[in-house]
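The form predicted alone is given below as one chain in structure tokens.
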């Protein structure tokens, strides 16, 4: 049984969503998100930098949400949620998966980190700059979607899971409306039965 250490509305949603899409049995351990717990010896023995998610699958422990999604798809997917490695779309699948975290979500994360580190001295130009960077990423996603249903066309993939969770962070922290193409895409993502089960599972 896979165990996912998680806190609501964090990147562990990606891991749970992948499990739901692939019908993999799992259980969630909701942690105490206070710094006192996350930086305690007890939790640092599981997550050395005190962050969630953490995935345990037998003797395997993982601490990066994007890597977890790829691991689950590779190990349990049986061809689902990714193109075959000799398919030209496989490169796009990898690129959008990495873009979701390394470029898109990281811009939003800088907003979160700044507000957390300086709650009484928020520097507005810094927030504006990172919101601008996140919006440029949003526009890049919209540009590739065009009339596509999913990032790779008709095939829903792990890249959509990765981008989907980045979009939920954009809503909460950039607080700007989506353009129509992104809004339609986001509705398709968040009405998938597996996503609905994901949100229910963490509540």
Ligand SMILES: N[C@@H](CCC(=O)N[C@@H](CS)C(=O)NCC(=O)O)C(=O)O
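Positions refer to the first chain, counted from 1. All values reported here derive from a predicted model rather than from experimental measurement.
Omitted here: the form predicted together with this ligand. The next part is about that form.
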* **4.5 Å heavy atom contact, residue 157 and this ligand in the predicted bound form** => no
* Considering only heavy atoms, tell me if residue 164 and this ligand come within 4.5 Å of each other in the predicted bound form. => no
* Is residue 64 close to this ligand in the predicted bound form, meaning a heavy atom pair under 4.5 Å apart or at it? -> yes
* Asked: Does the 4.5 Å heavy atom contact test between residue 38 and this ligand in the predicted bound form come out positive?
  -> yes
* **4.5 Å heavy atom contact with this ligand in the predicted bound form for all of 11, 33 and 52** => yes
* **Selected contact from 116, 85, 132, 78, since only one has a non-hydrogen atom within 4.5 angstroms of this ligand in the predicted bound form** => 116
* Asked: Okay, which stretch from 22-30, 174-182, 143-151, 52-60 lines this ligand in the predicted bound form, with non-hydrogen atoms inside 4.5 Å?
  -> 52-60
